[in-house]
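Laid out below as structure tokens are two forms of one and the same protein chain, each shown alone and named structure 1 and structure 2.
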Structure 1
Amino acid sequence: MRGRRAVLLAALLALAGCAERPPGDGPVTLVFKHARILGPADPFPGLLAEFAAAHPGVRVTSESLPWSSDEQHQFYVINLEGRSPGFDVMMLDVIWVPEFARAGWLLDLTDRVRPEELAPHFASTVAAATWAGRVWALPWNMNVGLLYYRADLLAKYGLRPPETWEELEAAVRTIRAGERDPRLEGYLWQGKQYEGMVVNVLEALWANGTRLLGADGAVFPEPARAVEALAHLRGLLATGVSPRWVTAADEELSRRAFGDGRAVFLRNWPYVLDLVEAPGSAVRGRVGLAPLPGRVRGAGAGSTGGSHLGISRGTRHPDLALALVRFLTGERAQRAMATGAALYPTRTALYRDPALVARNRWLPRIHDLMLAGRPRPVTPSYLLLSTTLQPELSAVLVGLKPPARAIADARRRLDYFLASRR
């Protein structure tokens, strides 16, 4: 028995890197802040127990944050500005890395992380962890915007997954007319005034052949195309292709309605797939996924997202915190997260892993969609962009402001704010 325990401990040491005793005589507690983990099983307790076994005298306290990305950001800013945040490792939305790095809140990992450690991850996730030529975090999980559809309903009416806005709207009209079910909605997405709405608008901009920031930093460099994209989203609501309650919908509200069988199409992230295919799901075995449609075929692209793990610059245990980050972003931990949680890995090889593909046949497809995704603007001013845009975009969606006026007002405000930061 002792021999078997010794072998197990040696294996755990290898998995977590090198075993490291905490400094001083007393035990060390590392505090890890993260978003709530969704999925069929929570792998965290087992993973953290493995890390603790490989690092005697070290305990990891796992503390979850609110669901909303905006609330998570607010929590971090309030605590990190105080320089004694009370946590060591933090789960970061990819868009926060430049802002947090410039603010001096993150430990610079450039001289601690070798290039070969970053090579197994999607290149886009490594780029999102880098700012001003320095590495500030390690990639942990990845997201991309996807179109979910009721495969059974499309097949029933001889329809293919839509590749254009026009095809999606036509499919909604055909299926709803045939089903004659007043509870069946058409296309669900995230239109609540928060970051998720901005992501949906960015995807509409890309689908219409334009973007938020030009190469020279200009806001809405092609305003006419931006107006068209915003008018399209408003039109989905005005014509009933999307229900008006979409203007109050986040990821979970829209996901639950689709998962209950009350919609034909849904724009959301990959985590939804694990939930709609779970035992007891009303739509299990009846869902397909595709790229987001564009104004013309091939123009649609989903926004990439996901999370990195960063280390507070104020941590008293930088080496141990880095050991934890390395362990949680390593192959074994990412495999466990892909199996038990609704999180998709940043390590590209796992999308071709036979055991994982056997559990989730969509992995190779999602891998390709991840590669085809587009990032949100990588800038320390992203939060300023988002919070300035949100009320303008929301006013259009609820019908209080014409798209052209909202785009003009947003351009004027952002040009002023960004110029003052230069």
Structure 2
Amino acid sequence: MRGRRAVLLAALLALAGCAERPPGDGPVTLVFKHARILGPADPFPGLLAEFAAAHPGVRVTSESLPWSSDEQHQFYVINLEGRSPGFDVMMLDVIWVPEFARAGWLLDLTDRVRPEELAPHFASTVAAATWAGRVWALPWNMNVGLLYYRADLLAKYGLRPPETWEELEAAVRTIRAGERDPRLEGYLWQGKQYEGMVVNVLEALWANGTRLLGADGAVFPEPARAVEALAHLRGLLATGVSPRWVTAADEELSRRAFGDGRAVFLRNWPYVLDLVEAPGSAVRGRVGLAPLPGRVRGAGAGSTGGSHLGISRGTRHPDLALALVRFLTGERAQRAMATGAALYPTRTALYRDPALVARNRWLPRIHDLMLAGRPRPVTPSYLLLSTTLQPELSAVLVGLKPPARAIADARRRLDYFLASRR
């Protein structure tokens, strides 16, 4: 009996030995899955070569994910549900982290990553990488919803950037009445039925002092305030402050119209800045940015977004994978990405970096907006929540459903799905 147990133990040890091959014992390949990075100069080849130089015997293969966020999520779900995912390090949209952690697809980094290692990142992005009190990923790049405005037009009519919904609507009316240009729209945002619309709705909820998910997990904990927020968004379309086609608009559609000089205001992410300030842009030097307006002064907050880097639990090289994640989320790499790819850092110090600020004078401003930004609900059921809400919220925006009914319908459906998860 004892002999057999010893054999078993030896076999297990041998297996464990196989699982983690030390570096240097033949070449090790780390596979890094990420979305294609757009920008003036792709910083990846240089960064990965640098990592390889510092880790002899390690090769990093970088593999592209599908283009859209939906398909990326589908790719991960299918591959991670199988036993051997075939990649070690993965780029994660912030909204997936709790779900993947809950599913057991991510390596728990709590014991490997010291708290002081997380401190240099924005707190809200660390919050999005943390679930159930444990750390599952490191912040890589960041986004925040903000308000772009035509500084030239506002100055012409003696207006300041709007801080409340009312001021924004009044500014649109004043400027459009004065300009008499039928091609000049008021306020553009994202109202197509997709995740981006949910972000816009969340921001409207926050601006009205409420939220989507209560502390006790209740959906729409304050229905009356949620109804007001939705009615406000519908009102923007019904009164013409926003063009009707906002109900088909995603980030790019709205960005292009604003970039062509065809709108006074735009809600979008920081990436727009590089494009409107680029040589040849129709609105170059005429754009300003501000926090999103609130129902009352100071209530507006932009939603944060961006991506984290996580490690697949099935990796055979957890230590090397973590070294790669540390390197890519480190200051050097984030600086290179901010310069070459217009990806905004999660490290607060970089927003005061003289070289970066010289390149992008808006960095200190964006720092403040990122700091005030709020994450979308950090829950493993976020995608369920968003997918269920999307048609209901869209129905409100196009005027097919009164807000109260859409909220009631969404709640009923969510109850069914959430109940089956318990």
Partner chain sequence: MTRRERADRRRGLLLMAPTLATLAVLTVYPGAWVLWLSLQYRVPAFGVDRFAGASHYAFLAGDPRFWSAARTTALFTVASVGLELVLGVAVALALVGQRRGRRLAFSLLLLAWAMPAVVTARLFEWLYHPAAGLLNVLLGGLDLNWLGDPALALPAVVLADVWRTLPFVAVLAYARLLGIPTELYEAAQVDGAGRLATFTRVTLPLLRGVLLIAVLFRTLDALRAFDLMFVLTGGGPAGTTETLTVYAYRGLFQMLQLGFGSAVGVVVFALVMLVAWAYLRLLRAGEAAA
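Keep in mind that this is a model prediction, so the values were computed, not measured. Only the largest set of C-alpha atoms that superpose within 1.5 Å between the two forms is called the rigid core. Structure 1's sequence is the ruler for residue numbers, which start at 1.
In this pair, the copy labelled structure 2 belongs to the form predicted in complex with the partner chain. Taking the rigid core as fixed, one finds a CA shift for Asp368 smaller than 2 Å between the two structures. Superposition on the rigid core between the two structures places the CA atom of Val378 less than 2 Å from its counterpart. Comparing the forms between the two structures, the C-alpha position of Asp181 differs by less than 2 angstroms, with the core used for superposition. In the rigid-core superposition between the two structures, residue position Glu117 carries a C-alpha shift of 3.6 Å. Core superposition places the C-alpha of Arg59 5.7 Å apart between the two structures.
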